[in-house]
Ligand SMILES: Cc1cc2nc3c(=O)[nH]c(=O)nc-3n(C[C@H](O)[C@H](O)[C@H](O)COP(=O)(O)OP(=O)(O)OC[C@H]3O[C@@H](n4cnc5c(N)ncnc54)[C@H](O)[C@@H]3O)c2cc1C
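Below, in structure tokens: the form predicted on its own, a single chain.
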Amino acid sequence: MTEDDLQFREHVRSALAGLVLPRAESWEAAGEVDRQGWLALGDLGLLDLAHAGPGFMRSAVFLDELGRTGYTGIRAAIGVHAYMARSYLELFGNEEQQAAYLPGVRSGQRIAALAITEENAGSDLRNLATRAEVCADGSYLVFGTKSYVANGSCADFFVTLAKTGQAPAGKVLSHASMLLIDAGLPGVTRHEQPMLGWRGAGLCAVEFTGVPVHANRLLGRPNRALSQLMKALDFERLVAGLLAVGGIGYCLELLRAFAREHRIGDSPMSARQAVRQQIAELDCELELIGQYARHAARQQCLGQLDTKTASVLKLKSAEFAVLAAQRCLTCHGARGYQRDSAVSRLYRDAIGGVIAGGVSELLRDMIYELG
């Protein structure tokens, strides 16, 4: 990182401390980031960071610091809006679409969501049921229900995966497309989906009942969803991995602070060899994963990010986040197990990371196939 990058880290850390941390508990209670929060993030320029090229290193810094806030639901909401959903517009949107949507996304005035998963189509999308029927004028009527949509409760539009033709059995994605669907269109209904964790992510089921979508809201060419997903998912897993690494860093900061402050008899917990070694092991693993995360970020800067690198980062960071949260909680004992403690929040949130963006079993199979 350059000196400018390091200064940018201090700027981001200060900005998140002033904007996110004072409001995080209220956002978690409300189940979503509020409009004022989105606008404030936009005003600070934090929703308009680069997705590619040398400027992506600033995004890597931002995502790490966002993870270090310790609120996985909030970081997921912002990550989906500013990176995962926005990436489809950046990668596949035409000039008209980018002009219509990206300024609002970057300013926080139009909140983005990614509507891909369904109850019976998550890691395996061959059971995709949402369909976009082509009308005589080339427009679409969309039918179907998407599940676990981050920002679903507050989104202004959804980047949506739908079938746009008849496909052979088992090859549904060969006849599927990505559509931009405005939340205010008739036939769009949202249903809350309360989860164990990720409470600030605005997770919802979104139902489309004959939603009229203009032909100019098709992203790229029709029936190109498979190739679009493959490219966008690599980026999504990179983003998820960078967020997770920041979250692990926060977890270890909590653990170290508690070990120094909590006393057992006349000595701090950190004086115990077993505790010191456990923290050291966690620190070593974080250092290795952090170095790999920086490698993946550099690959993205160079336009060389590949599926294996993105998948390895997402797999190892998400799984290590679960282990780190578990160790942090057990060291805190009953204090950490309290329902509203920061440690219990980390613990219940961590498991969501091994599900979103591809479950671990899927990623292991993919990594094996890639050799």
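Computed from a predicted structure; not experimentally measured. Residue positions are given as counts along the sequence shown, with the first one as 1.
Not on display, but discussed next: the form predicted together with the named molecule.
**Prompt:** Given that the named molecule is left out here, which of 122, 212, 268, 103 has a heavy atom within 4.5 Å of it in the predicted bound form?
**Reply:** That would be 122.
**Prompt:** Quick one: of 74, 225, 150, 248, which gets a non-hydrogen atom within 4.5 angstroms of the named molecule in the predicted bound form?
**Reply:** Partner contact (heavy atom, 4.5 Å) among the options: 150.
**Message:** When the contact criterion is heavy atoms within 4.5 Å, does residue 365 count as touching the named molecule in the predicted bound form?
**Reply:** Looking in the predicted bound form, residue contacts with the named molecule include residue 365, since a heavy atom lies within 4.5 Å.
**Message:** Can you work out whether residue 19 and the named molecule are in contact in the predicted bound form, taking contact to mean some heavy atom pair no more than 4.5 Å apart?
**Reply:** Heavy-atom contact with the named molecule at 4.5 Å: absent for residue 19.
**Message:** in the predicted bound form, is there a heavy atom of the named molecule that lies within 4.5 Å of any heavy atom of residue 179, even though the partner is absent here?
**Reply:** No, residue 179 stays farther than 4.5 Å from the named molecule in the predicted bound form.
**Message:** in the predicted bound form, is there a heavy atom of the named molecule that lies within 4.5 Å of any heavy atom of residue 359, even though the partner is absent here?
**Reply:** Because a heavy atom of residue 359 falls inside 4.5 Å of the named molecule in the predicted bound form, the answer is yes.
**Request:** Would you point out which of 109-117, 136-144, 249-257, 182-190 contains residues with a non-hydrogen atom within 4.5 Å of the named molecule in the predicted bound form?
**Result:** Contact criterion met by 109-117 only.
**Message:** 62, 67 and 244 - do all three of these have some heavy atom no more than 4.5 Å from the named molecule in the predicted bound form?
**Reply:** Zero of three within 4.5 Å in the predicted bound form.
**Message:** If you apply a 4.5 angstroms heavy atom cut-off, which residues in 181-212 are near the named molecule in the predicted bound form?
**Reply:** Heavy-atom contacts to the named molecule in the predicted bound form: 195, 198, 203.
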